[in-house]
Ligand code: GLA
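Below you will find one chain, with nothing else, as C-alpha cells; this is the form predicted alone, and questions on how it binds or moves follow later.
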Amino acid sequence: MSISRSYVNAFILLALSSAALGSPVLAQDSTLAATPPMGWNSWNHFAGRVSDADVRAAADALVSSGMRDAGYIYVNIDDTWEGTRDAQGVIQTNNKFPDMKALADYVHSKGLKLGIYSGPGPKTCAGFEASYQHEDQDAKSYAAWGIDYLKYDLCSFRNIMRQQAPHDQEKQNAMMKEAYEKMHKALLATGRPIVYSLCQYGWDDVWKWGPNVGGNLWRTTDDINDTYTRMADIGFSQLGLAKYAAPGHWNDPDMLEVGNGGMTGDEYRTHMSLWAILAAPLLAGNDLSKMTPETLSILTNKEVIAVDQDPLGKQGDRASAVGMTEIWTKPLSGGAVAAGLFNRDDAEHSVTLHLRDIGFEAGAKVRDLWKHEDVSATHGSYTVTVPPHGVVMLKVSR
C-alpha cells in the first residue's frame, strides 16, 4: 500500500510536536488507523447481552451484506465479556465467550478483525473485571488471542483519581494520562498491532494529548443515543476540533446509531454525512441481521464513505451557519471538497452553497452523494431544498 506525501508530512509534524512535549510518538502508531477505523460494535444494540454467537453472527452479516467490502472490518466486543482472573492474575472470559482465541480465528477467517474492551480501573462500566495493575498481563492475553483493537474506558479509574488526588484536578488529569500511556506501552510490548481507542469522554481536552499517550482515536463526547437531538448535539459540537485529527489519530464522537430505529431516514443520513465530514470512526451499532434496505444503503454508500476515508486525512469543520441551517466542509485529496448542507429545523429550508466560498469558480463539478448524480451549479452557486433534520451532501471538484 502506498503512503501519500500528505500523510507522511502529517506524521512528521505530529512526531515533532509530540517530541517537543517530551513524549515521542512511537513508530507503530504510523501504521495503525491511517484512515478512521470502520466496523461494528456490540454495545448500542446488544449492550450487556452480547455473546460469542452474536459476534459470529455479526461477522457473518458484515460479509453477506457487503459491509466488509465497503470498509467495515472491525468486529468489536464491548463490555461484559470478562470473567475473573486465575491464580496467576490472568484474565479469563465468562461463559458467554467460551473461547476467545477460537472466536478471533473465526472473525479473521472472514477477512475481518476482532476488537475487545477494558479500562484502566479495577472494574468496567458494567462492573466486570478491568485492567488496573494487570495491564501487561491483559495486553499479552489480547495479543495471544489475536485481538486487533482495544477500547479502553475510564469508568472506575475516576474513583481512584478522586481518592488519590482529592480536589486536585491537575493531578487527576496527570494520573489519567499516565494510565492510558501505561496500557499503550503494554500493547506495544506485545509486538502485535492493536488499534488503541481512548474512551474518557473528552475530559481535559483529550484531543490535545491523545496522540502523546498512543491513542489512535479518542472519544470527544459523552455517550450517544438513538435520538436526533442527542446525535445532533454531539455531531455539531465538534466545531473547532479539526486541527487535532490526522492519519493515525482521530477525534471520535461515538458510534453510529444508524438502523436502531429511533430516527428517520433523513436523520440517519444526517448522522452518516456529518460523521463522514468529521473524519470520524464509522462503527455501526445496529443488529446487522435485521437491516432494512434503507439502513444498508445508508451504511454502505460508497461515495459518502469515501469522504470519511479520504487519504488526505483532514477532518471537516463548519463553514457557515444561517438560522437553523449549517454548511460543513471537508478538504479531500486532489483538491476536491465535500460539503454537507444541513437543516436542523423541523421544517424544510432552502440552502445555497456559493462555490467561491469554498474556493471554486463557476463551472466546478458538483455531485450529490446521496442521489449519486451530478447537479448543476448555476452562476457559481447551488440552491437546494433540504428536508427537516436532513442533509444534502455534495462533492465539489475542478
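For every residue, the number given is its place in the sequence shown, counted from 1. Source: prediction; values computed, not measured.
Below, we refer to the form predicted together with the ligand, which is not included among the displayed structures.
- Only one segment in the set 95 to 103, 108 to 116, 304 to 312, 124 to 132 has any non-hydrogen atom within 4.5 angstroms of the ligand in the model of the complex, and it is 124 to 132.
- Within this chain, W203 is remote from the site of the ligand in the model of the complex, having no heavy atom within 4.5 Å.
- Heavy atoms of M255 reach within 4.5 Å of the ligand in the model of the complex, making it an interface residue.
- In the model of the complex, E267 stays away from the ligand, with no heavy atom inside 4.5 Å.
- Contact check for W43: a heavy atom falls within 4.5 Å of the ligand in the model of the complex.
- Checking A245, C199, A186, M263 for any heavy atom within 4.5 Å of the ligand in the model of the complex turns up a single hit: C199.
- When the ligand is considered in the model of the complex, only one residue from D233, D223, E181, E294 comes within 4.5 Å through any heavy atom, namely D223.
- Contacts between 55 to 92 and the ligand, taken as any heavy atom within 4.5 Å in the model of the complex, involve D78, D79.
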